[in-house]
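To begin, one chain is listed below as structure tokens, in the form predicted alone.
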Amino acid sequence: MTERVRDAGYDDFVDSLEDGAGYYLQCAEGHGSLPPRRVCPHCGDRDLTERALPETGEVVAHTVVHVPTPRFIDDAPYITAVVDFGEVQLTGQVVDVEPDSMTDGISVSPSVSRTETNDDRLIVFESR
């Protein structure tokens, strides 16, 4: 069995999201990005400040995965969505909408759940 190695920046972000305190990073120019980051990917600014992630975002794109990678084989079919939170966008699974009923534009909230395949944590969205 392979021991999981903790990715400090990413796992810290997922920990905060799981605790209901999601955040993103913002530079002095107002560009938003997701951790882990040491510099702004838009302008190179190294002065990044943590900002609270809004409680809800809007689905801007989605797809229904019927043929997953082995890592998600027991989760299929599932919905992967890109959600706009204003300054940043997150990608995750929508968990409470039937795949045939999914539409862009719905309001969702982020949280953290586990895959059915291997119990790995993943970012999920629930409709509001």
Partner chain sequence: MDSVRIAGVGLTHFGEHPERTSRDLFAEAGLAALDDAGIDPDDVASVFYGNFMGELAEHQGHMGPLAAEALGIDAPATRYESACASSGVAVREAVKNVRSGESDVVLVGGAERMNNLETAETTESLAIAADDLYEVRAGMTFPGAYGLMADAYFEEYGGGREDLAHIAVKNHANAVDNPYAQFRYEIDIEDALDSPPVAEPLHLYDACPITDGAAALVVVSEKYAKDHDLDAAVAVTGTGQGSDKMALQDRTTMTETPAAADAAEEAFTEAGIDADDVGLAEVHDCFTIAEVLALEALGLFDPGEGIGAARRGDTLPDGDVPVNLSGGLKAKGHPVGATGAAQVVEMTRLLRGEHHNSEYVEDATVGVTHNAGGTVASTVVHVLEVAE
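Residue numbers count along the first chain shown, from 1. Remember, it's a predicted structure, so these values are computed and weren't measured experimentally.
The following text describes the form predicted together with the partner chain, which does not appear among the structures shown.
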query: Distance check, residue 92 to the partner chain in the predicted complex, heavy atom within 4.5 Å; finding: yes
query: Heavy atom of residue 4 within 4.5 Å of the partner chain in the predicted complex; finding: yes
query: Contact of residue 119 with the partner chain in the predicted complex (heavy atom, 4.5 Å); finding: no
query: Any non-hydrogen atom of residue 28 within 4.5 angstroms of the partner chain in the predicted complex; finding: no
query: Interface residues of 36-52 toward the partner chain, as seen in the predicted complex [heavy atoms, 4.5 Å]; finding: 36, 37, 41, 42
